[in-house]
Ligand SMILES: Cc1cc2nc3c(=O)[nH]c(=O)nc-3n(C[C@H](O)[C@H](O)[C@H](O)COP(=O)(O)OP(=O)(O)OC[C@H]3O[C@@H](n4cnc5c(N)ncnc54)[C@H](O)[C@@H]3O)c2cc1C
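One chain is shown next in structure tokens, namely the form predicted alone.
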Amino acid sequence: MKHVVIVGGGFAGLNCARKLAERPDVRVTLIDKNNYQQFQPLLYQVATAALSATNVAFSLRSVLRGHPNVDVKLGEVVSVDLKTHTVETAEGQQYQGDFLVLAAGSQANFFGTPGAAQHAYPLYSIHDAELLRSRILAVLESADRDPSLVAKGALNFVIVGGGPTGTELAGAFGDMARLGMKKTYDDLAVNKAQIFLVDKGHAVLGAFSEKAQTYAAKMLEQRGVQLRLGTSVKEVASGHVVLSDGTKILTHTAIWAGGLKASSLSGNAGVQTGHGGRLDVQPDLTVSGFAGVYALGDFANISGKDGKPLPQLASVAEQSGKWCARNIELDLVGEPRKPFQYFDKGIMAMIGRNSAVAEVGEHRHELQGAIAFAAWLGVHAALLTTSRAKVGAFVEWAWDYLGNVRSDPVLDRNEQAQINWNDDDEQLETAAASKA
């Protein structure tokens, strides 16, 4: 019985494991630092209390239940030997297989922006989403208790990055300010909330058509989102952000949706990494020079038909995972592996209630408005891993849409409420004292 070691239980790793689980002659060990798979495209809805964490996270053991040839291990892989197909976890366990599949995912890329790693809130994991949700609730509760904090940026939210994550989050914030905040906080000056979307590009949703970009910008502006395009973030501090044009925005909630890079494991793989710190792979998804080693999803640079790397999308990860399993099956019977062929289903982004853009299929048939909104809901529900999650998400969306009621806003991480509202004043006093 051949042994396949898979690092990472995201879309790529889990789909590879599920496909290989059908073979009785293969043993699979799936290793992840979490015991669940998370559905990253919906993390922003967890952060804005539209969905709960249980709607977008699924136990790996439950998903793979009924497959005795698959063993799930909890652990963070910190080093890998590509020659021997051996990985080692932070706890010291080692796993070696006949085949090694690296699907360790991604992490936030702050591009060296001063203060971003310390003070900005990324949105690439369940943990990130729950921290951000608590921070949002903390500043709202603080401003409700002490209205003078509005002048110190309590109701200012700065979102860095105008791609799908940043745009969808900005739209959700706009709807939340118009609807959710008013119902939950009777005394809060909701009209003073400011939402800034900052991107160095000159349009939101850069991968979409110009028509979609124009529509998305219009929908965001209707929701009160202030677009700061053609501008980058120069600094993120605990109480403000500074833009490249010199603008200083007071805020205690700076959200980073400005890009991804491969997880830190890529730096310990012993090979030269490519764009975004990812491993460059051959057309059949193998790592050049290392027989039986595959890299998938956000951990790999996978070329499309045009020779350019495919985007970091759930659909790319899902399909690469299944394709990798097929190629391993071909390896087992001594047949040539097949080059990965990505089936482009299109791209879509929700801007808010009844507002979305979709470019469907390889030829990008465009949809906007309510029909794109409905399509977005259907596609994302279909991508959820379990039937229970699909039903749960639809119930939450229906409750939100028909009753304008979101999940109970529970502040369950009290450390996020420990905010120094005088930090900017203290920094100015320190600077003045040093000059004196």
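Each residue number is its position in the shown sequence, starting from 1. For clarity, every value in this text was computed on a predicted model and none was experimentally measured.
Same protein, other form: the form predicted together with the ligand, not shown, and the subject of what follows.
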| item | value |
| --- | --- |
| Partner-proximal stretch of 214 to 222, 276 to 284, 105 to 113, 353 to 361 relative to the ligand in the predicted bound form, 4.5 angstroms, heavy atom | 105 to 113 |
| Position in contact with the ligand when the complex is considered in the predicted bound form, options A237, A193, A203, L265, heavy atoms within 4.5 Å | L265 |
| Selected contact from T184, S315, N156, N301, since only one has a non-hydrogen atom within 4.5 angstroms of the ligand in the predicted bound form | S315 |
| 4.5 angstroms heavy atom contact with the ligand in the predicted bound form for A50 | no |
| Contact of L123 with the ligand in the predicted bound form (heavy atom, 4.5 Å) | yes |
| Exercise: I31 in contact with the ligand in the predicted bound form, heavy atom 4.5 Å | yes |
| Residue contact check: D146 to the ligand in the predicted bound form, 4.5 Å heavy atom | no |
| Residues within stretch 7 to 30 having a non-hydrogen atom within 4.5 Å of the ligand in the predicted bound form | V7, G8, G9, G10, F11, A12, G13 |
